[in-house]
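Next up: a single chain in structure tokens, the form predicted alone.
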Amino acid sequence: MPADRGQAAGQPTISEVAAEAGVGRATAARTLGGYGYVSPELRERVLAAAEKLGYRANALARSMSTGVSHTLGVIVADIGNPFFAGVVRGICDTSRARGFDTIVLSTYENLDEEVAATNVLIDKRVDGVIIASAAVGRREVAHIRAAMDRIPVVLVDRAVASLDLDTVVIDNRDAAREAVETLIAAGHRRIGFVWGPPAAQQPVTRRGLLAEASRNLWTDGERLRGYLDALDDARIPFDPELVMVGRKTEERVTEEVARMLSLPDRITAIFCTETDGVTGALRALRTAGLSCPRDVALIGFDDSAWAAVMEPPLTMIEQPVHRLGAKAAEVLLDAIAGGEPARETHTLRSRLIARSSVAPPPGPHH
């Protein structure tokens, strides 16, 4: 498709830029399309003319002629989520510094939406894709395998066991273990795990719980394993009643925490693996007339500015969200540039930010 034909009505064409610069149309096309050799002097004249006329390159036409669009595709669960917003910012900052644009699509953890988004990006001729995938089993990754046959693909935030891809994640299991160890060190033994597998019924065994987790997002399963690791290390018996299951909503968290607080041997601490889990848990405590940390200690994932100004300030796990996105972009851009994919898992370290929401469990008078 000739680039002139792709210009919107009223927009200057390559031919007009060439005339303004006093060069041939082919020279202007090579300069504006980013392919072939053009002398520095002529290139400067063409770019000056393009800026003067307000010329905008037709990216699709350029990609069809050169095979390169200088565009990355990004698929995340929800761009409105502060975690993914930070990841996308890291991707965009890194890609922009290397001359690439970014197209971002949200899927809301819906696999059909993810498949559609992948097809859209392929149709847009992006040079590579970064995906925070909702896929779990082998039957759910056909769209990613199809994309891998055409362009480089990098997974971010979630690993998918059935795919041999470069993956950029944080140390979810170790981070969860450290958080629960902190609660145990403060004297807690009845520790609720909030944001567990979306099972229809409460698994009664540890094996059943892990089986449910394996059918869910990789991050959720890793954090559950970290919780269990800490209990094992402290020789604290696993109690399935202390693990939330069911819908992943703030309202469900409030219901489940209320249930844990009503047990004969109730929880004295809560570990929340998502931001919505933190807000749902705090609502349940307030409804029950309990306070944090006097009655119930709490640690959550995804540190933020609001966590630091809460009363009390909340102890949280800080994820390197910007670096997570930046690293994913670096890995993808290196693959696009011709580097052989390492197909490695790149694990970044999180950090536990200690504040005031952890205290020893209440005495008998409470």
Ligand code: RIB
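Predicted model only: the values in this text are computed from it and were never measured. We number the residues from 1 along the sequence you see.
Omitted here: the form predicted in complex with the named molecule. The next part is about that form.
- Checking E181, D171, E274, D229 for any heavy atom within 4.5 Å of the named molecule in the model of the complex turns up a single hit: E274.
- Think of it this way: in the model of the complex, the named molecule has a heavy atom of just one of D166, D157, E222, D127 within 4.5 Å, and the residue is D157.
- Only one segment in the set 113-121, 78-86, 140-148, 282-290 has residues whose heavy atoms sit within 4.5 Å of the named molecule in the model of the complex; it is 78-86.
- A residue is said to contact a partner when one of its heavy atoms sits within 4.5 Å of a partner heavy atom; T31 fails this definition for the named molecule in the model of the complex, lying far away.
- Proximity of T315 to the named molecule in the model of the complex falls outside the 4.5 Å heavy atom cutoff.
- Along 239-261, no residue reaches a heavy atom to within 4.5 Å of the named molecule in the model of the complex.
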